[in-house]
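Same protein, same chain, two forms; see structure 1 and structure 2 below, as structure tokens.
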Structure 1
């Protein structure tokens, strides 16, 4: 299969889904769907992070880092501070032998 054919097939699959998402921006959704869609990024992020944290042999260190990073992000709303605090907590737990 040629590279151009693969690119064309990928475009054919992804373009309609993106077009549908862009066209939803003009719709007035009912409050239920607005509240439902507000939690989609949080649930996707949790689905990506939780298996990586708890499925690792060093899950205790990662759990400490994720908890500290999440708490900092929640309280300060500063993404950089949450990431740096989470890494600092992870390395502190690693140095402490946890």
Structure 2
């Protein structure tokens, strides 16, 4: 199959998923589902972070980076500082041979 067609089909299943959610905001949801949606950011971010750290071949260095970055974020709430500090700690662990 041609590359263009495959790309078109991939777009055709991606865009509607993005649009569907954005279009359902006025649904009158029962309390359970309202609470469910409040917890979505927490559950999704955690699901994005943990496998990327623990499931990585270089998990030990990444764990050091995540621990330092997480502690900085906890104290300062500064995203850029957390990323830079965590990246520096990751490199320190890497240079130390971890």
Partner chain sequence: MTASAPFWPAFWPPFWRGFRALLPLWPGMVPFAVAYAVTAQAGGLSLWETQLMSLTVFAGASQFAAAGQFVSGGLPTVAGALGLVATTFLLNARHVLYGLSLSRSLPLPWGQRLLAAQFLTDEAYGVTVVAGPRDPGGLSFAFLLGAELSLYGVWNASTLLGSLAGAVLPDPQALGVGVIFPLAFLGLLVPLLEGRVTLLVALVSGLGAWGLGRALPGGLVILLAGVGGAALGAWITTRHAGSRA
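Note that the rigid core is defined as the largest set of C-alphas that superpose within 1.5 Å between two forms. Residue numbers count along the first chain shown, from 1. Computed from a prediction, not measured in an experiment: that's the story for all the values here.
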Structure identified as the form predicted alone: 1
Residue 15 C-alpha shift between the two structures of 2 Å or more, rigid core reference: yes
Core-superposed C-alpha of residue 31 shifting 2 Å or more between the two structures: yes
Residue shift check between the two structures, rigid core fit, residue 47 Cα at least 2 Å: no
